[in-house]
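There is one chain below, alone, in structure tokens, taken in the form predicted alone.
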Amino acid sequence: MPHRIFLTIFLTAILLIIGCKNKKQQAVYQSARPVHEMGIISTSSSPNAKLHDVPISAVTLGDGFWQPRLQANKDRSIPELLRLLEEHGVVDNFRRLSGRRNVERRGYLFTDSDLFKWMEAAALVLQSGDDPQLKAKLDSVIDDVLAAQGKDGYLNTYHQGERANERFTKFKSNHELYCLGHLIQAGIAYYCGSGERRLLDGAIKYADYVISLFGPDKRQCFPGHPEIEMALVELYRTTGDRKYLDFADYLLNHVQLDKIEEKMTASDFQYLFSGLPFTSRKELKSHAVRAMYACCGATDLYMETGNPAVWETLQTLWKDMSQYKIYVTGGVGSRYQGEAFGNKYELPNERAYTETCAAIGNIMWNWRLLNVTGDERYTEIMERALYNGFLSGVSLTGDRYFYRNPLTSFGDNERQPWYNCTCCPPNVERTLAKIPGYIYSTSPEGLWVHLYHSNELNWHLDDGQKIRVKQVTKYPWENKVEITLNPKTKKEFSLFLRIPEWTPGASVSLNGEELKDKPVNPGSYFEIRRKWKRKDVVVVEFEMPVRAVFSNPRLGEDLGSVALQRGPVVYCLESPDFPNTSVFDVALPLDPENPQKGFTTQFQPDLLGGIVVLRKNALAYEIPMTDQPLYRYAPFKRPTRSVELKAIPYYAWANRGVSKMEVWVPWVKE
């Protein structure tokens, strides 16, 4: 009997402890923002964010450029990738730990992150609307993932079971914290999309276990592959628990390198873009994806802490990228060796690495910088990467992918349905699912429009005033955007319209009257401040000529060549459009005083999903250059044979089979 009494008291105490813990955690959740109001990153309470997020669920895309891509992402990309993840044992890696499958572990040590990114993509799609079938698949995967979690919270299929003694022994290469970061992001996305906390709670359990082991006064660690930093800041925003923000700050700025147990070199820390204090960084000369993710985490940290040294470093690194190390497509990371940034002006075309994940990281970073400042130059790079260097990474059918995205191809590049290193496909899928969340922001001043696409917004201003907005446009193929505002009541606020840097000029009208009281400057946001009423209509029209883009003379490989751009879309020449001429023998006659002269445009709805094609009279060499000597003692003759130049959007190349392609086209004086 005494034993029974003791057991009863003991169990009661345990239940009370658990109850208190649950109440404490519930209080933390209640202190954070309502789940249905959280955007891609939740900046509404960030003290150093000028702009505040609008959730994916508040924006319904209409017909237009992105809608069929998001539909293909939902209907084709996400189900097909799950099938391939199953086929290659990535999900079974979790089932083997729970005893649900008796199989060997398969794949690289970081394959967990590929599944976590797929889970995040599926959860983000659910934020755009109910899909019971997709949710059922996601719930099944979540069950398999959480069943593999250790009692202590650890969850990494490579370092559980027979490799448990290798946990946290090789931060340089083991990717444990990287995988945890993606688990956290998947948990937050699922929580926002469904209101269910179980995946997020599993991620929190693992994060708490890591924080119990490492930190300023404990064992030292570093990510090896940055990613967890931005996930931790977002976890802080989601839960309100400061320890996650503090641990992100520790990882970015306060790792005690002299106490790192693993043998490391200075070049290791440079390449990995972690370990060294972020504020010590002066240039991007590292693995490109790691650098972009670290910059994302540091920008998130700045939004919450306002550390001026972090902001100064971010500005230094952004200048290094935007002025010296970014491709005209918005792609970054020029070197095959190390998938890395190179030196200033080191931007080869055929050997460009420009990993799809790096373009995605560039989008993510500039989105965060835009949230801090409201500065159009960040939107400019984000849009450039979205329409070009990122979108080229996936086929029009949505089931084949580029890992790297060169700007010249001699016919040896083809999208693949699967890579053993599967980082890019699920990254593409989660990025496409985020598109509605990139279109708008709010601020205390009013509503901001960053991207143009037909859609309906049902949201509220920062002061709670409800507002509906309808945007109608065929952008980027056409230059007109019509925006109808319907505030619930008459309300004074500002509407900020993005005027892209690429346009030579633009006009804005309100209810049929052109606004001429102040200039509409490219590369800025145009502010309309007034008392708005229902059915107020704003129309923006951009000049959208074909523009020849000239490179800095320091870019030796592009000297004497131009890239073609119309709106945000960069173009290329592709061999199917030149049946009798090599794309590498074509030269473009241009008037240096008016380089946009002579181009014609035509929308072809049945070509490559519907595109605007550029045409112009061009020249080709009478004797193909491949039949001419490598060197000679006199200048090569000017091309004289007349051909028609036909250019297609860069993102659409390699969708008609293996082909030759060129972005930078030699030009001659007209």
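The numbering used is simple: start at 1 and walk along the sequence shown. If you superpose the two forms and keep the largest set of C-alpha atoms that fall within 1.5 Å, you have the rigid core. If you're wondering where the values come from, they're calculated on a predicted model, not measured in any experiment.
The same protein also exists as the form predicted in complex with a further copy of the same chain; that form is not shown, yet it is the one meant from here on.
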{"query": "In the predicted bound form, segment of 363 to 371, 318 to 326, 535 to 543, 267 to 275 with a heavy atom within 4.5 Å of a further copy of the same chain", "finding": "318 to 326"}
{"query": "Contact label in the predicted bound form: residue 580 to a further copy of the same chain, heavy atom within 4.5 Å", "finding": "no"}
{"query": "Residue contact check: residue 636 to a further copy of the same chain in the predicted bound form, 4.5 Å heavy atom", "finding": "yes"}
{"query": "Touches a further copy of the same chain in the predicted bound form: residue 47 (any heavy atom, 4.5 Å)", "finding": "no"}
{"query": "Contact test in the predicted bound form: residue 627 vs a further copy of the same chain, heavy atoms, 4.5 Å", "finding": "yes"}
{"query": "Among the candidates 250, 345, 526, 599, the residue which, in the predicted bound form, approaches a further copy of the same chain to within 4.5 Å (heavy atoms)", "finding": "345"}
{"query": "Contact residue in the predicted bound form, from 592, 195, 79, 308 (heavy atom within 4.5 Å of a further copy of the same chain)", "finding": "592"}
{"query": "Residues of 489 to 521 having any heavy atom within 4.5 Å of a further copy of the same chain in the predicted bound form, listed in sequence order", "finding": "501, 502"}
{"query": "Residue shift check between the shown form and the other one, rigid core fit, residue 635 Cα at least 2 Å", "finding": "yes"}
